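So this first bit is one chain, no partners, the form predicted alone, shown in structure tokens.
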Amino acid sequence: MVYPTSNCWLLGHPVSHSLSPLIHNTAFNYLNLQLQYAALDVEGLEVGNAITQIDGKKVLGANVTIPHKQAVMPFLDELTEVAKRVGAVNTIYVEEGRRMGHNTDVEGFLSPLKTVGLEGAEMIVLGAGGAARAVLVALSYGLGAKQISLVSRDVDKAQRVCDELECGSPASYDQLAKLVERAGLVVNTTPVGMHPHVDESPIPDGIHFRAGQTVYDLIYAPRRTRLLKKAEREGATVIGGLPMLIAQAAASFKIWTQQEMPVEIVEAALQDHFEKA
């Protein structure tokens, strides 16, 4: 495989839809850094080979997305405590010659919640994939949440996640209506409602939200999913996936460059992108 000459990569399959190149290249250009970011569509057998190219000099590091967040781990020299806790890597960098695996999804997820009062609130996490793992770690260790219900149609997978992260037992999907009624925070980590399936929602129409609740959907395309539109109509505070996407990117950017990402400039570039789409 021929690897791009860019300095930072996104490793995933597929990656053509990703906004990460736009985010990072906008920041590099604004700060006049002579760096480039490229999305690299890597199938499973190529993951290890790609990682060997990350030397901290020519290639500073990489982001990792679906389906490689766990597959990259055996090829790294060391994992940060956050990455170990989540059991997944979304950022690779080089420190003292060692390829390090980190997870900025935790920091990125928490960023838009800083101004939301959630102390003592019951919380629901929908889904049991890699994103759900990061969210559970963020809520448990970042916010100190005590009452978190993991809900997934894949009960066995949900149980494995709960066992590995020591977060009790998953809740039954049949309990969803009662859980939503009590919850202060509902987080969707599933792809249900993502473009092009914008008419779908992980929450059935018969379940309703209320003022005082926060509904957080990690999907960023579309920016307002069917779930968020319904929650907003019914009085809940809503958060889309774009703030998390930018915040997790900003954390990776700082690791690679030791500089703060110009977030407002990035937001403007994304706004322009969505208006032209």
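All residue numbers refer to positions in the sequence shown, first residue = 1. Note that the coordinates shown come from a computational prediction; the quantities given were computed from them, not determined experimentally.
Missing here is the form predicted together with a small molecule; even so, the following discussion is about that form.
With the small molecule omitted here, the record of contacts in the predicted bound form names 188-196 of 91-99, 188-196, 139-147, 174-182, defined by a heavy atom within 4.5 Å. Shown alone here, Arg153 lies within 4.5 Å of the small molecule in the predicted bound form, counting heavy atoms only.
In the predicted bound form, Ala131 approaches the small molecule with a heavy atom inside 4.5 Å. Of the heavy atoms in Leu245, some are within 4.5 Å of the small molecule in the predicted bound form. In the predicted bound form, at least one heavy atom of Tyr220 sits within 4.5 Å of a heavy atom of the small molecule. Proximity to the small molecule in the predicted bound form holds for none of Pro67, Arg160 and Pro170, with the criterion being a heavy atom within 4.5 Å.
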